[in-house]
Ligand SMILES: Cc1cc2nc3c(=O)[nH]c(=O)nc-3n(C[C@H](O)[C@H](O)[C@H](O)COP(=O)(O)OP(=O)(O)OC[C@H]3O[C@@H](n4cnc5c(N)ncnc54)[C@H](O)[C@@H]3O)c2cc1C
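Below you'll find only one chain, the form predicted alone, shown as structure tokens.
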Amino acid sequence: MPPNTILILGGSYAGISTAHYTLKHVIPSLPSPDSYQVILVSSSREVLCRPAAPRALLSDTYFDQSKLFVTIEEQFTQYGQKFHFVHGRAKHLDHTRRVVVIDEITQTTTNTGPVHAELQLSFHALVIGTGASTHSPLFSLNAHGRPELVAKWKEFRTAMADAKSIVIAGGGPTGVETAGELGEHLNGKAGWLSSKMASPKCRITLVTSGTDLLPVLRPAIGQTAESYLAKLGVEVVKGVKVEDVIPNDAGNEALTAKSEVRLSDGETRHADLYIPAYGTIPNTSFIDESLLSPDGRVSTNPSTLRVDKAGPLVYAAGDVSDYARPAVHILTEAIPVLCANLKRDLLAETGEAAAEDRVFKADESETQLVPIGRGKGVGAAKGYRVPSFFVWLIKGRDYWLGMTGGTWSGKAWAKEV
């Protein structure tokens, strides 16, 4: 009899964390643990420490590449045959038949690249953790994994060396961090007594539609971020949207194309490089619209992390889910809740007395840390504003690269929480 499959879609923070937690704490607690297996599906064989991308895209010298990119399968050898990895992308979820169709990327290659095959995976339980893609290919493993991302970084670095003007769209953490990293890398820093850099080598403009930068944080913190950026040669334009870019694929397919950036106030900025660093696109194209919320994310019970409309034993978390705002610290608190309810549901169907649902409550406090360059930063934790040194110490030194290793290897989930 084939084992009951706990199918996990997505090979980043949500998917890898859920897989480790399930293998360590859920399956061993079931009456017949040998009758279950975990299959993890990921479009990339490697996982990226994604928060580090704003600095990593500038030069390989900033980070140890063996820590920045980690092979997923190697992190799960400890579980033997209870774990299986599938390199591929979900094409269609049939939640009524409880089957996911996968576009599998095989290890067979031809002159045109790897051979693809269609694979149908039936599931007993399903966890959707496919995350979200960025508008710019510089910030994540969007399509073809590490080789594509490294090639994009190389192309960008070549163009960056001669750039005299860069326009970045987006006033959230990615936009602010990218502007800060580029500013310091290309322009250096203004003198101690200067409020801004008078003649930067590269004119960098950060455009945001908001009245202040970093809308999750109080305005005063956003204003401090703006002052730090000014010292790195970054001009901030607020209350203005990017309405059009010519060519329209600049910063994406035409990654390094010189462009005209037309703003909602009627102004046009000419840029040697344009970087769309705003928002993300939920990776939900394979999911029926009936399971999605208006913003395109998976409609998820915010208390139990079940996808109630999809039937029993279906869950979602991370950037693909509407359970909370996208944030790593919120996801870290969600994983034990999701897995506790998965265990509760699996035990209940074996006839054991069902425990109470474990209830998740998202941290809605003012919490966000945003490095600005390699020595400054702004942020708050649990509603308390924190000093620049604290942001550097916790995040700015290595963008959490030293902490993610425990997540990927499962050591962070050694104890049941």
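Quick caveat: nothing in here was measured; it's all calculated off a predicted structure. The first residue of the shown sequence is 1; numbering continues from there.
We do not show the form predicted in complex with the ligand, though everything after this point is about it.
Is K24 close enough to touch the ligand in the predicted bound form, meaning at least one heavy atom pair within 4.5 Å? K24: no, not in contact with the ligand in the predicted bound form.
Does any heavy atom of Y228 come within 4.5 Å of a heavy atom of the ligand in the predicted bound form? Contact with the ligand, no.
Is it the case that R89, even though its partner is missing from this view, gets within 4.5 Å of the ligand in the predicted bound form, heavy atoms only? Taking the distances in the predicted bound form, the answer for R89 is yes, it comes within 4.5 Å of the ligand.
With a cut-off of 4.5 Å between heavy atoms, is G131 one of the residues that contacts the ligand in the predicted bound form? The answer is yes: G131 has a heavy atom within 4.5 Å of the ligand.
Considering the ligand in the predicted bound form, find the one stretch among 329-337, 308-316, 257-265, 231-239 with heavy atoms no farther than 4.5 Å from it. It is 329-337 that comes within 4.5 Å of the partner.
Candidate from L214, L141, I204, L273 lying within 4.5 Å of the ligand in the predicted bound form - any heavy atom: Selected option: L141.
In the predicted bound form: members of 389-404 within 4.5 Å of the ligand, any heavy atom: Residues within 4.5 Å: K395, W400.
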